[in-house]
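In the block that follows, a single chain appears as structure tokens, in the form predicted alone.
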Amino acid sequence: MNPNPTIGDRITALPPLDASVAKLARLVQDPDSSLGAFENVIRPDPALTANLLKLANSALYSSTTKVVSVRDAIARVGTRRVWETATAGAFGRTLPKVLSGYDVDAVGFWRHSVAVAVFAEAIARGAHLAAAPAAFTAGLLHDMGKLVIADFLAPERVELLDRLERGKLSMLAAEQELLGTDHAQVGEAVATRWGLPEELVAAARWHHEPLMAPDARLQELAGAVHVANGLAHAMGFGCDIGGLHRRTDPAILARMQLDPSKLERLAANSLTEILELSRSLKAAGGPS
């Protein structure tokens, strides 16, 4: 065992996402996929089956009829939410109890991730973005790079705080100065290693600098996650050590025609979904 692992070593050591996530990702991107094809992936997985049924019968999908079969659950929540539930469960099982370098525990990190997912989806749909279908998962996984570099930041805590406070640096810039990389770059590497779709790789890489993404579609998706990230921090969902040092790019707000009143309404309309999904997705593998 390497006594002094590098960031690259940690990326390589991350466990792969469940095989069912990759299979469902292929199905959700194929418009000809049937409910039966999704059912064939889910039914052999008892945990995923149980979690999907819990979600379908949750308050988010309130109905007088209780869902008892996998196929009916898929029909109720939709095939994309099925994939998102599987991805959330697989992601949740990778979380350490504490992300020490960021002063946030797994529960706080999880709530933040779910809040960004819900906000990003609402923003992307409201703006009619071409990449809107990917917005929820992009928001959920945007900070995956932190899973790798949190422990590398922990010994640098005093210096990190000094650079954030006295140096007036952003969290990303402070990470770069201390580690020679940042959680967005590492997130891109993790997403690539996990074989995630291009949209999710780009959102992880560019969610702090969305206008640097390589094309307009990816800029818009990264922009939705960028705004959602700022809103989640402002609402107190999982604030970490760098929470007060984040700024939302006004150019992105203008591009999406988002003003404070629109963001307030979006936040208010999303709170119930955030809380319910946090509970439902927690059951699917999130932290306890």
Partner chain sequence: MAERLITVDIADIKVSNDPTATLITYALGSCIAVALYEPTRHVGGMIHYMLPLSTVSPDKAKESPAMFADTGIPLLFERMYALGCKKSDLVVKVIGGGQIYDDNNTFEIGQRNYMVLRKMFWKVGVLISAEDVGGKKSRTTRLHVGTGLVTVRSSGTEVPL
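Numbering follows the first chain given and starts at 1. Bear in mind the structure is a predicted one, so any value in this text is a computation, not a measurement.
Only in words, not in the display: the form predicted in complex with its partner chain, which the text now covers.
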message: Counting only non-hydrogen atoms and a 4.5 Å threshold, tell me whether 230, 234 and 250 all contact its partner chain in the predicted complex.
response: yes
- request: Identify, from the list 157, 125, 193, 217, the residue with a heavy atom within 4.5 Å of its partner chain in the predicted complex.
  value: 157
message: Looking at 27, 263, 256, 67 here, can you tell me which has any non-hydrogen atom within 4.5 angstroms of its partner chain in the predicted complex?
response: 263
message: When the contact criterion is heavy atoms within 4.5 Å, does residue 41 count as touching its partner chain in the predicted complex?
response: no
message: Please determine whether residue 12 contacts its partner chain in the predicted complex, using a 4.5 Å cut-off between heavy atoms.
response: no
message: Residue-level contact is defined here as any heavy atom of the residue lying within 4.5 Å of its partner chain in the predicted complex; does residue 246 satisfy this criterion?
response: yes
- prompt: Though only this chain appears here, would residue 17 touch its partner chain in the predicted complex if you measure heavy atom gaps against 4.5 Å?
  reply: no
- prompt: Among 178-186, 83-91, 69-77, 157-165, which stretch has residues whose heavy atoms lie within 4.5 Å of its partner chain in the predicted complex?
  reply: 157-165
